[in-house]
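Only one chain comes next, encoded as structure tokens, the form predicted alone.
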């Protein structure tokens, strides 16, 4: 959930009254929010960097409020205050309308075909006659950042640019050019750079370097010009310094470039509605019955009262002529309302979750553990009793862990790859538990020998027959690390597992092993395990190259089997 930090005194001033911490906590709960923390800038710096760094920091009390991830209209002080005021019925939900400029034509943003190769969509709006105080300016900038991190998915879907309209002139052009052809003075820099030079400059920037990957491999970079050829921005990286906004800015030009047009419209709606109430945006109307809400929430309220409850949540509602149906008007600020159930949830919130009467469920069900999880738990207990220590390793790993280090080809592993991994350590979903256990052994080499480790967890494998193109597979893996390979130990563990699973030795419905070749294991020291006529895994002594690549120095035996066939 996103967290919004607001100054307590500024919030109370905007709400028109003062609350105790307990009262405001209760108000947040009633409105579906959570007061997460009461702190100050000084406390935060002291906690993170020490008391010395905190000297001179502000003691102003901050409320950190957790907001639902889909309530983009509550990500700034202005939206939060507006929502609470309507909820407390101290004001009506605002109506948004567009006002054409008095002395000129509406501004235009022209999109060229070149943008299809990088970020094909753009939307724009103008906020006129804005008055910025320092607090309002800070809130405006913070809202952009919150939207960037939330609905914009760290600028990959949408990037927001804001400009002082009085320093530029339309019509504006959104196009894309080769990096060497783009040259401008970026925000807060002293000289001009080409786009290529900017990408190099920002590779060490703690904030902007996280967004470079979005366009750095593209043949052309997006750029927005005004009618005089002045660069407004190079989305999604940086704005131009020429058009930057300040406390003196009166008219703001907002542009949102995107790979997702729907998200771009949502973001633009949020920016203009949070800071100006004279803009015309699309309203939607939905019709649903009072009976639907009463049944789903578990209450028995009149149609008129339910309409009043929805109006408290900024959803203007009126009872229709039949007296049973309610027409609900959904404003552009409520992009989270996509289904009748969302409207029902708002009605329940306005009614008060604590006010809903407790009832006995009409249907009785007995919860049971999933059979696969139950089997896994039973096996864990018995493997621990056999002297093996359980390990829990990461579900994500590097390509090297499941391929090169195990002497495999990555194309043969059926691995699911992360499209934009944060680090080289988390590039793919693991296809085997063995690499994680060997890394655990390597991290505990100084422990007394022998090391006996096991893990029973899921791996992820590509599977074209599944809707999502992949499936989870529950596996059991164990390793034995000592001065001698200990193949007999791992073989004995396999026999014990089969005994627990009530599978007897033998062909047909029993289990048996036969020699196999596997690059991960030492030649002639690997066996394939068959149970009830199906191959379920392998055991053997690991290849010396595998041992070396995991920075181990002694022999190691391993067992890796699929336990799902035993369900």
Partner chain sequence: FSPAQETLLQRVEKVDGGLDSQDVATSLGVDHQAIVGAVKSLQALGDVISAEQRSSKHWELTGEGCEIAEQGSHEARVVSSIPKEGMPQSQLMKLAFGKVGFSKAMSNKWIRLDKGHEGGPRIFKTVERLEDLVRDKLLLVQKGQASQLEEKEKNELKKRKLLSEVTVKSYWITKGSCFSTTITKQETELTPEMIASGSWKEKKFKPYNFEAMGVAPDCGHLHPLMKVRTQFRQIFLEMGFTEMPTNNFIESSFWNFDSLFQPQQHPARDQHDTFFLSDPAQAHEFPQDYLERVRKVHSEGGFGSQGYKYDWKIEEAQKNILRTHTTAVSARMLYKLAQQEKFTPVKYFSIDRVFRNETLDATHLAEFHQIEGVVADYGLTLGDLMGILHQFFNKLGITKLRFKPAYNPYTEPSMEVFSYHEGTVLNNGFLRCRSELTI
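Positions refer to the first chain, counted from 1. Every value quoted in this text rests on a predicted model; they were computed, and no experiment measured them.
Omitted from view is the form predicted together with its partner chain, to which the following refers.
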Looking at 211-219, 350-358, 244-252, 401-409, which one sits within 4.5 Å of its partner chain in the predicted complex if you count heavy atoms only? 350-358
Any of the heavy atoms of residue 536 lying within 4.5 Å of its partner chain in the predicted complex? no
Quick check on residue 107: any heavy atom within 4.5 Å of its partner chain in the predicted complex? no
Applying a 4.5 Å heavy atom distance criterion, does residue 148 contact its partner chain in the predicted complex? no
In the predicted complex, does residue 206 have a heavy atom within 4.5 Å of its partner chain? no
I need to confirm a contact call. Of 191, 483, 466, 90, which residue comes within 4.5 Å of its partner chain in the predicted complex, counting heavy atoms only? 466
Partner-free chain; cross-checking its partner chain in the predicted complex, the single residue of 370, 443, 141, 117 with a heavy atom within 4.5 Å is 370
Of 58-73, which residues get within 4.5 Å of its partner chain in the predicted complex if you count heavy atoms? 68, 69, 70
